[in-house]
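Form predicted alone, single chain, as structure tokens, below.
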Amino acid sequence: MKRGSRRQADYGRDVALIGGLRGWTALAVLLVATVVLPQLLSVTDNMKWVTFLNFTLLTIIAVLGLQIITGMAGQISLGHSAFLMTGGYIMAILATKLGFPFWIAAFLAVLATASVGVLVALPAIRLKGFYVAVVTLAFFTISQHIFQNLSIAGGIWGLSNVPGPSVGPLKIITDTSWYYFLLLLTAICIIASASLARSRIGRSFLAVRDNEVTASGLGINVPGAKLRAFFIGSLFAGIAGVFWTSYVTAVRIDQFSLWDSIWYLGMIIIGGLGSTAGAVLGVLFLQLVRQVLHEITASGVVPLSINFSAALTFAVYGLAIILFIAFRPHGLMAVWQKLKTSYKRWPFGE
């Protein structure tokens, strides 16, 4: 092989979404593990962990949307859970009140949520940093007020008996069937997010995040990039909201809180801003922290009240975010990259 062609091959391997034999082997092992995991949990009578995995998968989809808005495009959003609420409520209204079939209701709800994201972005396209956060926070408050006082949305009681998805004769009802469905959906969303980051649109988002003036000088339509980021990020949130509502078969205001938006932001900070894999790692890290603390409380090993356990979880979340900002500002992805580089260079050091 000529030197030039070898360099091209090395470059193609380096920039590939999954590079080399090791990457494909690791992916195959991961896929087998995720497929077999629910069966192992059912044998060991730990089905509550399948429920935990389902909510974790839904959270990953939601956080991928915030990663696009904040991590890639640099637009700080404190109202991301409101996009989930919008998708969930619209789907529930269409399916339970207006009689739409589930998949049509889900499609329209996701599209409507993405459109709402553009409307929210319109007053924010000429703003930066803190001011964008204020706009999204206002959207969260307004959306809560609207759904709480909308009679067709069930008022303060919300809506129940929300239908679930089905594929032909197969109805997704059990936790295990939900797990496999959400695993497939999450994999599609991860691939879409990773592909977006490597596309021309994704690179324009990163340019806007790093320096709007320079991005504009390079010919990038900065307001248009922000609108696209909110549209795509809200679309991901709408997907998460639709299937979250369908999974719990109900939708209420208290299911989507401001704290959720804050923790979503913390997840992408801990995982690594602008990285799809970082978003996944951040979700897994904080979700595992919460579940472990919950298990300790439920087991009675440490006598903690429910309120104290919730407060302790919030405190640990906050401490983790502070520590990562102070000592690992690039998140878990930077740690992983450093470990991978050290492994490749061993035993020759740095």
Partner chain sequence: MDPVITLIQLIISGALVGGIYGLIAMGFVVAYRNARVFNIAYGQLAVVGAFVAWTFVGSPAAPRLPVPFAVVATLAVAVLLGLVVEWLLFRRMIDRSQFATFVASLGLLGVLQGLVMSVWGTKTLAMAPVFPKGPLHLGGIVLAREYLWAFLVAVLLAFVITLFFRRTRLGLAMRAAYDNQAAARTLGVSVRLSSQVAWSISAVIAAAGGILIATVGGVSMALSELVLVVLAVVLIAGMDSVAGCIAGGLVLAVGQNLVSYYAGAYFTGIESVFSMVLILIVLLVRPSGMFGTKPIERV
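Residue numbers count along the first chain shown, from 1. This one's a predicted model, so the numbers in the text were calculated from it and none came from an experiment.
The same protein has a further form, the form predicted in complex with its partner chain, not shown here; the description that follows concerns it.
In the predicted complex, no heavy atom of residue 50 sits within 4.5 Å of its partner chain. Shown alone here, residue 315 lies within 4.5 Å of its partner chain in the predicted complex, counting heavy atoms only. Contact check for residue 107: every heavy atom lies farther than 4.5 Å from its partner chain in the predicted complex. At the 4.5 Å threshold, heavy atoms of residue 263 reach its partner chain in the predicted complex. Think of it this way: in the predicted complex, its partner chain has a heavy atom of just one of 310, 40, 289, 27 within 4.5 Å, and the residue is 310. With the partner omitted from this view, the residue of 249, 257, 176, 141 that lies near its partner chain in the predicted complex is 141 [heavy atom within 4.5 Å]. Of the stretches 82-90, 97-105, 162-170, 141-149, only 141-149 has residues with a heavy atom within 4.5 Å of its partner chain in the predicted complex. Interface residues of 104-129, taken as those with a heavy atom within 4.5 Å of its partner chain in the predicted complex (partner not displayed): 123, 126, 127, 128, in sequence order.
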